[in-house]
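Shown next as structure tokens: one chain only, the form predicted alone.
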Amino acid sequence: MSDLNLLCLPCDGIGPEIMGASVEVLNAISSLLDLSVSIESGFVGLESLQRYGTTLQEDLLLKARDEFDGVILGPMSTMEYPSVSEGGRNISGAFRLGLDLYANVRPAKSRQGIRNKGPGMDLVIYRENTEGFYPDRNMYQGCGEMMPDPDMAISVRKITRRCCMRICRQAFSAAATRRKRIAAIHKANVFRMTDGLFLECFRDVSREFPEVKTEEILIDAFAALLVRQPEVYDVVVTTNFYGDTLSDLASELSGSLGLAGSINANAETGRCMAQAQHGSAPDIAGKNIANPTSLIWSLAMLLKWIGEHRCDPSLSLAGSMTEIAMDRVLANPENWTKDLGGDISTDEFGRRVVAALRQLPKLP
């Protein structure tokens, strides 16, 4: 029997609703496969700010690191947070940095029957998560943004060999199990030192994987190529800021951000966090109409990732069955939520995924 201890943090906006549907699916697959899964909830985001004066308590972050196998994080309303000095911590960034979750893995796949602008797309983006043009995670002390005077703002970018090597190695490992193609996205013609270091690491790691075909593409060219020929790309690896932007583009081309799963992981420590790729959608919060696909898909990815890391076939099977059930539900327009053109509620979508799970055989 697999033992799994998860921390669920609904966060802001539609977070509690999509988390409820996701936990219902998790409980169903756990029961079907006789998994021992313990779930604990906590307060983060605006509710934590109101209760504790901070969007993320440091004790909760330490507890996630020391006591849990994984985290499920709902969407954040970061634009509503106050400054860091007033308690407005970036929750996602704090978990990625605090748990050293350096690999943000974001697949984008177009599905038959769901309207999309990227037919044939089936790629996965490996985005470095812990440095780059992100002020909250690129300085040992202080902030990576500063204003020397009221009319000047400066932002510092940090790129390290260690972080580039490990994200490239994870991306190449994934490419070796897929279609054996990988593209490094960069702007080394302008950022000669920072993106130049990233490309140097990419080339070094490529020597460990001679069977994987490589490409190096400028980010502006890749954005155009992704629209023109989305079916060409397999695995994409890039730095933090580029990956954040391109993964949203890829997901929207493949159908919708609401359909896009995402995990943040560390292959060396085994830590993993599932996270909805979209925002908190405060305009529809509390209406029970949000699409929970992104978070459920992220949960399935977490189960598979932890299963593979632990060599635990039961957890890997749980993730695979959840993905198959999701595909079957999404294939029928009668199961679509409002954003896809249907009228199914958030809760009902979760129940239909559970029903689809119960109809599946226990795959080998």
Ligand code: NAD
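Note that the structure is a prediction, hence the values are computed from the model and not measured. Residues carry their position along the shown sequence, with the first being 1.
This next part talks about the form predicted in complex with ligand NAD, which is not shown.
*Which of 189 to 197, 77 to 85, 110 to 118, 221 to 229 has heavy atoms within 4.5 Å of ligand NAD in the predicted bound form?*
Checking each option against the 4.5 Å cut-off leaves 77 to 85.
*Taking 4.5 Å between heavy atoms as the contact cutoff, choose which of L249, I284, V124, L101 touches ligand NAD in the predicted bound form.*
Partner contact (heavy atom, 4.5 Å) among the options: I284.
*in the predicted bound form, which of the listed residues (S254, T239, T130, N291) lies with a heavy atom within 4.5 Å of ligand NAD?*
It is N291 that has a heavy atom within 4.5 Å of the partner.
*So, in the predicted bound form, is E323 in contact with ligand NAD at a 4.5 angstroms heavy atom limit?*
E323 lies outside the contact set for ligand NAD.
_Contact test in the predicted bound form: G270 vs ligand NAD, heavy atoms, 4.5 Å_ = No, no contact at 4.5 Å.
*D339, heavy atom within 4.5 angstroms of ligand NAD in the predicted bound form*: Yes, contact at 4.5 Å.
*Might G258 be said to contact ligand NAD in the predicted bound form, defining contact as any heavy atom within 4.5 Å?*
Yes - in the predicted bound form, heavy atoms of G258 and ligand NAD come within 4.5 Å of each other.
*Could you list the residues in 215 to 247 that come within 4.5 Å of ligand NAD in the predicted bound form, counting only heavy atoms and keeping sequence order?*
Sequence-ordered list is empty.
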